[in-house]
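First, one chain by itself: the form predicted alone, in structure tokens.
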């Protein structure tokens, strides 16, 4: 059994869905369970509907709803034609758009958006796409069955970024998915969304569709998890920054997680965590190039000093300085509790006896964080920074590699430097405008262009 996840670009329109159907048809012998995203651009449009409605722009919100309706109906017509089955799908889609319009009207009356209402709206994208894609699979000769993700992806009630309940998910998979697979069916589910035990719709947050696939793969004890996207796999650097970035054919789980955490867009950091715990290999393939080699992510890839270079812009440094921290037990814990209370994740940390420097890339709650940190001492905030990460499982064992990295960046100012506890990631904090130049220098150092 395998789990195949297809992202928004892999189901962007009728042509993309047809390609996806052919990919799945070629994998029927491997007993696929298919997880699909919303059609490309839909989730952002749904979030815009919520924002427009809550801010008093109901007409604009309804216009966005109708534009989405037109887009989805056009895909239905192109894929399925105008027979009875197609009309039934179109009718069901229309009902969902009516629900969306009513939700927008309700938000316009309330004047604000709650996390719960935002989940109700943003999850509609996958509720719309999964039935269309299932019907397209059937037209392509795949014995597909639509499964409501909310029957399987059971979560807590932390709306906006719900935590999955693995035991409940495993039980639901045994009840709803495993029998279908044994019967030779291909279950199709929308990613990203789930539901509480009480049946209230939730979402898994950013990267939720990939996360759904990994959770289902772990629950089903799948042989592999395939992530289908619009790039050939994981690369040695962002190809938008480095022209000669190379495909990484085999990479370790821990390296892939580090790259995802520090800017690699192919995977979200949470995506592979359930797979890691089960030791299930993850593959990244390009739905536009299904014959490509892709990237294989396992435990046993060779240990290299440097596997890839990643970067992340728009980073904020928060510095806390206080003489009272000197030899004070629990000082660091108390500081981190401030970030935890305000649901703000920390990326990089550097400490001294009397100061702590931390980076965050989500400053939504930063004002509250800074206000509470002032109880500990002086607090400084530096915006416009960037993270560059040199990632390799053998990096900590190779002092020459670290020396080469620091030499390669030349006289670029470093605001923070950190080697991860596992020795897998050398992290450099630089000015934002130095992000791309530094990535290019490091890539040229460790992945030089082949001689002509």
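Values in this document were obtained by computation on a predicted structure and should not be read as measured data. Positions refer to the first chain, counted from 1.
FYI, the form predicted together with a small molecule isn't displayed, but the following is about it.
Interface membership of residue 126, defined by any non-hydrogen atom within 4.5 Å of the small molecule in the predicted bound form, is confirmed. Within this chain, residue 207 lines the site of the small molecule in the predicted bound form, having a heavy atom no more than 4.5 Å away. Put simply, residue 425 is far from the small molecule in the predicted bound form: not one heavy atom of it is within 4.5 Å. By the criterion of a heavy atom within 4.5 Å, residue 38 is counted among the residues contacting the small molecule in the predicted bound form. This chain appears without its partner; in the predicted bound form, the one residue of 64, 43, 418, 31 with a heavy atom within 4.5 Å of the small molecule is 43. Between 207-215, 152-160, 73-81, 165-173, the stretch whose residues reach within 4.5 angstroms of the small molecule in the predicted bound form through a non-hydrogen atom is 207-215.
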